[in-house]
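Form predicted alone, single chain, as structure tokens, below.
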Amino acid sequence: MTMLDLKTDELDQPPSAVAPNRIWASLRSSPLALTAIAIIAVWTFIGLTIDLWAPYDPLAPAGDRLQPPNAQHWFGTDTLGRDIFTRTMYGVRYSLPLALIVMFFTVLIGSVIGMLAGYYGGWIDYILMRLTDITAAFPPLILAMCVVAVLGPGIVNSAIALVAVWWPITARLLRAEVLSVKERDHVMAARVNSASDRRIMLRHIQPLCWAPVLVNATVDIGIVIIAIAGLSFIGLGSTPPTPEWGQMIYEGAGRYFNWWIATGPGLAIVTLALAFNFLGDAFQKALDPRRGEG
């Protein structure tokens, strides 16, 4: 059979694409992946339902100031007497959705740039990759701080800044994948059959390139959560009295005898970031084409 003998329906099925049921089967067989999914699910549930069961108002004093952890205040109280457990639970409403939004637009922008650069090559590739190199030349967090300093402090501006500095990672990754896929037989067959560039990119190349992007994005969500907290910690993210984890850690910074102020939000950041890290590792194993052979 030659390229010209292939039917359009057959061309729309790129080879070696990983089936979703295979991915789920791999995740179910990994205790670490199931633990990560459970942690993310719990934090998501907390964020969606916290208004229904929160023991205290996150912005109002709930008792005496600087109480250590006790039966009434599991994580203690802060310098204003606010319940740290309540504020920590409310904090997921800022960190998790913001990290997901940042990663969505990061993947969207990076994928478009990486796809165009890898597929067309030539001067388009040169211009887009030089732009990528210029952006990636700066440490992401330092560049994000500069962007927020220009835009002004705020949770929305910090998200914009992180998107502006994070997309080169996805762009480089997807470009490399596109370069390795665009010369395969099924892509060449689509060209011979007069498929449009848009159809080739979306139907024949993209399905074979999404796996490493998914792995990288999942791991990076945890890193973005830390970056969001970092910007708030230095005063460039959320502003008081917002119950945001980085801002809460800043309030407890230097208070060695009041260690509980920063412990609650710190543990929240660690658990959620590690969960996405472990989930990304599980995705990598599930999407490895050599896995399960033999």
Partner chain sequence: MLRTIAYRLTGIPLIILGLLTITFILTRGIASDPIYGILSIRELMNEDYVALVREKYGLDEPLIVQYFNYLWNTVQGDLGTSFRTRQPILSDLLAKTPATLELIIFSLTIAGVLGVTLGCLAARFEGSVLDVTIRAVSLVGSSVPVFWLAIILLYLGSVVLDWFPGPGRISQRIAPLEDGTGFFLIDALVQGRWDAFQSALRQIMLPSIVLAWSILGTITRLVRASMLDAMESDFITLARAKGVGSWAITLRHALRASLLSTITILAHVFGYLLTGAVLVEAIFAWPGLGDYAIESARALDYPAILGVTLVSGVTFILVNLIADILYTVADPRIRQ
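Positions refer to the first chain, counted from 1. Everything quoted here is computed from the prediction, not taken from an experiment.
The next section is about a form of this same protein that is not shown, the form predicted in complex with the partner chain.
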Requested in this report: Sort through 258-266, 43-51, 56-64, 23-31 and report the only stretch with a non-hydrogen atom within 4.5 Å of the partner chain in the predicted complex.
Outcome: 258-266
Query - Three-residue site L151, I249 and D281 fully in contact with the partner chain in the predicted complex at 4.5 Å by heavy atom - result: yes
Query raised in the report: Is I37 a contact residue for the partner chain in the predicted complex, using a 4.5 Å heavy atom cut-off?
Result: no
Requested in this report: Flag G122 as yes or no: does it have a non-hydrogen atom within 4.5 angstroms of any non-hydrogen atom of the partner chain in the predicted complex?
Outcome: no
Query raised in the report: So in the predicted complex, does any heavy atom of I142 sit within 4.5 Å of the partner chain?
Result: yes
**Report entry** Residue contact check: F138 to the partner chain in the predicted complex, 4.5 Å heavy atom
**Finding:** yes
Query raised in the report: Going through 201-224 from first to last, which residues have a non-hydrogen atom within 4.5 Å of the partner chain in the predicted complex?
Result: none
